[in-house]
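The chain below stands alone and is given as structure tokens, in the form predicted on its own.
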């Protein structure tokens, strides 16, 4: 067993705050590969290079149907996936990570490392659904590279009482490249959510936009680290990040760490967070119309998840999420 250090802030803050990185203890030194299911579409091919599964989207190919991945972790396992989107291509990728209960006497751990390369003017949309019960620890590492005019858009949904660790780095290398993240979460009981998003701007007029909307209940523990890093030469780059957190119980633990790093003058970066319980006026208004306080909070929690699900274009994925929740 060993420790895994991940989700590190690019610029460190006071150690006593406990937010500079995540340290995962008791990690196994080797894992077997998980045999997951896929549903490919059209001209998208898969090859293997060592322990990495490589999926190639041909240049100028526009996939009419999404590519589906189902990774149902029923044992401690690790996968490495690479997706390469050729010049001018367009594709939507759906990854459904269904982590199950404890396997025997041993806690379940799932690890996924994904690399996405979007070549010039490619457009890649990634939809990830992560569900985990208590006793499950899921580590998801994602590294994205966007070349000239390339766009990467990710929609993420975290549900359950397990432990989620999400590390996402998007390198905006090319002129006019773009990154968008739309994330929602509902974490309860003693669940843990540890998120690290880093948008690194290299290209001129590159853009990044991170939006998170979440609900914490019972003894849930959450950290969000959001970094916009403007490198020298990214003239005209724009980056924004915003998180809205609803605290349903006073026993939750929430930390939000927005960070902007800047080596270039002609850029624009903004960040903000709204954290707290429902306002007294709204509670009074709804309670006066026959709703209990518990019903009001449940309704508002569900509304936040529904808002993200409705923005998912793939009807098949929307139906699967609504069936789950």
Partner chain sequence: MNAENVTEKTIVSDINRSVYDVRNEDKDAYRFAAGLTEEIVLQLSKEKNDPEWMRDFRLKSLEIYNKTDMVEWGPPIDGLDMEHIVTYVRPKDNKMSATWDEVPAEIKNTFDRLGIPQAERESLAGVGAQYDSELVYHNVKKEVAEQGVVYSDLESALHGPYEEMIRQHFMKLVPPTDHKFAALHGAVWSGGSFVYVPAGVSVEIPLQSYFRLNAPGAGQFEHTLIIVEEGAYLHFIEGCSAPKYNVANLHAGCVELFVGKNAVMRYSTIENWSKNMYNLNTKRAIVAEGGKVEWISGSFGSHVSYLYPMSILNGRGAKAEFTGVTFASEGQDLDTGCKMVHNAPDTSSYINTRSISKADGINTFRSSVVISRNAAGSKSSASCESLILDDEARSDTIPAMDIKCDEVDVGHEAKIGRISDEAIFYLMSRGLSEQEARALIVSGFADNVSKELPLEYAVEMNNLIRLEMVGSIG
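C-alpha atoms forming the largest set that superposes within 1.5 Å between two forms make up the rigid core. Numbering follows the first chain given and starts at 1. Because the structure is predicted, anything quoted here is derived from the model rather than measured.
This protein has a second form, the form predicted together with the partner chain, left out of what is shown; the following refers to that one.
Out of the listed residues 263, 52, 60, 65, 263 is the one that sits within 4.5 Å of the partner chain in the predicted complex by at least one heavy atom.
The listed set 259, 27, 291, 300 contains one residue whose heavy atoms approach the partner chain in the predicted complex to within 4.5 Å, identified as 259.
Judged against the partner chain in the predicted complex with a 4.5 angstroms heavy atom cut-off, the residues 204, 267 and 275 are in contact without exception.
Of the heavy atoms in residue 17, some are within 4.5 Å of the partner chain in the predicted complex. Contact check for residue 316: no non-hydrogen atom falls within 4.5 Å of the partner chain in the predicted complex. Contact check for residue 190: every heavy atom lies farther than 4.5 Å from the partner chain in the predicted complex.
Heavy atoms of residue 311 never reach within 4.5 Å of the partner chain in the predicted complex, leaving it off the interface.
Of the candidate stretches 70-78, 158-166, 137-145, 248-256, only 248-256 has residues with heavy atoms within 4.5 Å of the partner chain in the predicted complex.
Residues are counted as partner-facing when one of their heavy atoms sits within 4.5 Å of the partner chain in the predicted complex; in 211-237 these are 230, 232, 235, in sequence order. After superposition on the rigid core, displacement of the C-alpha of residue 293 between this form and the one not shown amounts to 2 Å or more.
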